[in-house]
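Below, in structure tokens: the form predicted on its own, a single chain.
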């Protein structure tokens, strides 16, 4: 339709949202469906954070806020980066958005011109290339293969950089794979970036606190201080603090970039929800005791899912270092037939037939740029995960 913007021709709807909605629709029709599509902790927001929001309401903190966030939250963000990441930012170098997604979008909107390239490791979060496309940029994908634990190599990054490269977009731990880069792996990438001063680094650290075993999280500007002046470090309270619906993301970076993002946000949404911002102040400055407790629960769920999936015929599931996703390969099932005679030709066929046959909703890997795989979010109860994996085992065993 000519009335609609041409930019829409470059954009696809979110596959993860579509899967979650399909699961909800089937449940509404009475189907027994286990939805493993949503990237959302099943834990409730901690009580101290909820009480801080209630106190803010009772104080009358219900007016418009400054575009980039209330001063108390921006200062808390600066202190968080210093305390947890060894990064020195002033409050003026921070910005608060309505979720990490808005922060990322505004960074692209503020910097991308037609022809500018953004290097994105694949598999990638489904929204990355779509945001780049809306903002007139071009996504350049580097494949992070299963044999490399879903991590890109320094050589692959070097080969992808051109004079048109504007950003390297980096997400660790990763959505959708859960892969997380060690200090040494990250240093190999930052060594490449140091040699290309025209390339900026946009790092999405949303799953920072969800790493398992003895893994230690690091972020690019922490590993390589020479990148500080061209790195935007993005984070938020959604995952570690179980605050997805509060919609608070944030970032810190060079002052001129933050000012440009502030200008865009000022003509877009203005400041994020005042109550949610006060809740986020408490999240960042209050007790952190629940984070290791939740992390231990997630690790147990990860181990359960990996073990059960690797017992399913034709499935290969690596053990991720972080986040709350696994990204198993279903390559061993391609070409097989369901009991109804349907041939599994793609990972999308696999997840479609799995949902139809067993009522388990997962997301096909091709939506994330690498297949034949599928993503499972294990941010739900052990009982549901065990039942879902049992159904997956049964479905895989039924294929011929």
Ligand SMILES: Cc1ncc(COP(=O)(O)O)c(C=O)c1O
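The structure presented is a predicted model; accordingly, all values stated were derived computationally and were not measured. Numbering follows the first chain given and starts at 1.
Not on display, but discussed next: the form predicted in complex with this ligand.
Per the 4.5 Å heavy atom criterion, this ligand in the model of the complex is contacted by stretch 121-129, the sole one of 121-129, 183-191, 79-87, 293-301.
The three marked residues, 177, 212 and 318, fail to reach this ligand in the model of the complex, with no heavy atom of any inside 4.5 Å. Looking at residue 271, you'd find every heavy atom of it more than 4.5 angstroms from this ligand in the model of the complex. At the 4.5 Å threshold, heavy atoms of residue 218 stay clear of this ligand in the model of the complex, well away from it. This ligand in the model of the complex comes within 4.5 Å of a heavy atom belonging to residue 239. Using a 4.5 Å cutoff between non-hydrogen atoms, residue 309 does not count as a contact of this ligand in the model of the complex.
For the options 314, 254, 286, 99, the residue carrying a heavy atom within 4.5 angstroms of this ligand in the model of the complex is 99.
Of the candidates 265, 277, 171, 233, 171 is the one whose heavy atoms come within 4.5 Å of this ligand in the model of the complex; the others do not.
Residues of 202-240 placing a heavy atom within 4.5 Å of this ligand in the model of the complex, in sequence order: 204, 206, 207, 238, 239.
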